[in-house]
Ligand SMILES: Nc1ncnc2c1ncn2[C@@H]1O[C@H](COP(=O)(O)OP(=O)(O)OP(=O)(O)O)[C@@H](O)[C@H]1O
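Shown next as structure tokens: one chain only, the form predicted on its own.
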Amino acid sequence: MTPAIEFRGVQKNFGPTEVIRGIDLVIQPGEIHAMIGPNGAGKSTLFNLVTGRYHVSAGHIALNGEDITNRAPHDISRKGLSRSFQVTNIFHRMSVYENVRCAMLWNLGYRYKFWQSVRNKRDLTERTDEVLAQTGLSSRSTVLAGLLSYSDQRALEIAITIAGGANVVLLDEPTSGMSSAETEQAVTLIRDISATRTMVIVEHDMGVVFDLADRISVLVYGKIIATGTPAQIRANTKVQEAYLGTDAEP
């Protein structure tokens, strides 16, 4: 089976500082894979390398079997990968509907042409309605995105993330700042959209991680110290040391 994402000896340096120090990891198609680790471990940096936001210093990254190392972000996105961010990234002065519709234009073959309206494009309308229904936002479709509650803005960002048809989705702290009830809704949404996608999640809420993930990788000092099922990670001594504050081996 061709991996959804494969890291081979991936490194990232900022000047003399090593942030990612040799990552080898295979993420299988269809799995929910969580990345956990202390603050500063390099989790968001790894996301930025996969999406082309940062250039890899050494090593290779493959998406669905194709080398995407140091490709442009828009090129990687068009090959089937999308992500959300820690800080909500939406168009606040556009409606929920318009946010989602804009996100799927390229995937459905529409280009930005000021003289051509997409308002009455049936395929675009139907697909937008599907994504809004899937993410529970149908009743808020005409609301300006900036007026949504925080949890609904996060749901909208997930809607935007999946609207382009990506089969590999990266979510960066999707439940950050949410109440228990909001977190429960977000977990249900993530589980629903993972049915036909590979999901990679960076998350600090261990309840969310162990509830959702098929496998978990633990990143400490820019290296993966363990990868396994939730049960294997719970029992791993190195992981326990890392989260108890005892020095893990660099």
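So that there is no doubt, residue numbering starts at 1 and follows the sequence shown. As the structure is a computational prediction, the values presented were derived from the model and not from experiment.
FYI, the form predicted together with this ligand isn't displayed, but the following is about it.
At a distance threshold of 4.5 angstroms between non-hydrogen atoms, residue 207 is out of contact with this ligand in the predicted complex. In the predicted complex, this ligand sits beyond 4.5 Å of every heavy atom of residue 185. Using a 4.5 Å cutoff between non-hydrogen atoms, residue 29 does not count as a contact of this ligand in the predicted complex. This ligand in the predicted complex is approached by residue 41, whose closest heavy atom lies within 4.5 angstroms of it. Taking 45, 194, 51, 64 one by one, only a single residue has any non-hydrogen atom within 4.5 Å of this ligand in the predicted complex, and it is 45. Stretch-level contact check against this ligand in the predicted complex with heavy atoms at 4.5 Å: of 66-74, 33-41, 209-217, 177-185, the positive one is 33-41.
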